[in-house]
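Next comes just one chain, in C-alpha cells: the form predicted alone.
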C-alpha cells in the first residue's frame, strides 16, 4: 500500500461509494417489521424456488459444456482460434434481451430448430427449459474465462509428464488437468450460478413470465415493483444477500 501514490485513494473511495451507496439505500428502504411476510408470499417463494432450481441446472450445463470449451481454447492452436474465443465471449457484451431474441429465433416455434423440435413434441420457448437455456447462454462465458485462464497458467508440463508415463488422454484429463485447475473450476461454476440467478432480459424475452413455470425471482421483483413496491425492495434485498454469499464463496475458492 505504501508504494501507491496517495491520490489513488480518492477515486478508489469514490468507486467504492458508487457501488455501496445504492445497496445501502435499498437496505434502508426495507420494511423490517413486515419483511418475513413480504418474502414468504406464495408468488415470492415460487419465484425463489424456481430461480434456485434453474440456476443450479444452468450451472451444471455450464460445467458440462464449458470445461470442454475451455480445454479447446487453452490447449489448441489452429487458425481462427481468436475468432472462436471472441464468439464464445459474445454473451458478455451482448444485451441479454438480444440474446433472448436470438434464442427465440433458434428454439421458438418458428425458429431455426424450434419447428423441427415441435414435430418431435418438444416445445422449448416459454417453458422452464427456456429459462435454463437463457441463463446458460449468459452465464457460460464466466466459467470459460475462469477456467481457460487457469489452464493457461498451469501449463502442460504435468500433463506431458503423465502422458510420457503411458497415461491415456482421458486419464490425464481426469487425474492431472482437472485437479490442477479445480479451484478455478469451482469459482467459475459459482460465478455462473450467480449470473444465472440474476438473469432477467434473456429470460423474459425467451421464456416469458408464467408463475411457477418461468417467473424467476428477478422477474417477480420487476412485477412487484408496480403492484407492491415494499415486496419488490424486500425481494431485492434477499437477492442481494444471496449474491454476496455466492461471491464470497467464489472468492474463497480462488487461491491467493
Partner chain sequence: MIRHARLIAAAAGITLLATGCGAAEEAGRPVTLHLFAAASLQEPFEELGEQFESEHEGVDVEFNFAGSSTLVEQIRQGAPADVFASANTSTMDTLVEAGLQGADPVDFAANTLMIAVPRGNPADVADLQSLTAEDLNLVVCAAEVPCGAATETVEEATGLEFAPVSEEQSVTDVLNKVTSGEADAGLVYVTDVRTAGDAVEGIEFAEAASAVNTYPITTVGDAANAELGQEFVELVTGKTGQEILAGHGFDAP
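Numbering follows the first chain given and starts at 1. Since the structure is predicted, the reported quantities are computational estimates derived from the model, not experimental observations.
Below, we refer to the form predicted together with the partner chain, which is not included among the displayed structures.
Just one listed stretch, out of 181 to 189, 139 to 147, 79 to 87, 100 to 108, contacts the partner chain in the model of the complex at the 4.5 Å heavy atom level, and that stretch is 100 to 108. 125 is the sole member of 132, 151, 125, 73 with a non-hydrogen atom within 4.5 Å of the partner chain in the model of the complex. Residue contact with the partner chain in the model of the complex: residue 198 places no heavy atom within 4.5 Å of it. Contact check for residue 205: a non-hydrogen atom falls within 4.5 Å of the partner chain in the model of the complex. Interface residue remark: residue 222 is counted as part of the site for the partner chain in the model of the complex, having a heavy atom within 4.5 Å.
Residue contact check for residue 33: none of its heavy atoms lie within 4.5 Å of the partner chain in the model of the complex.
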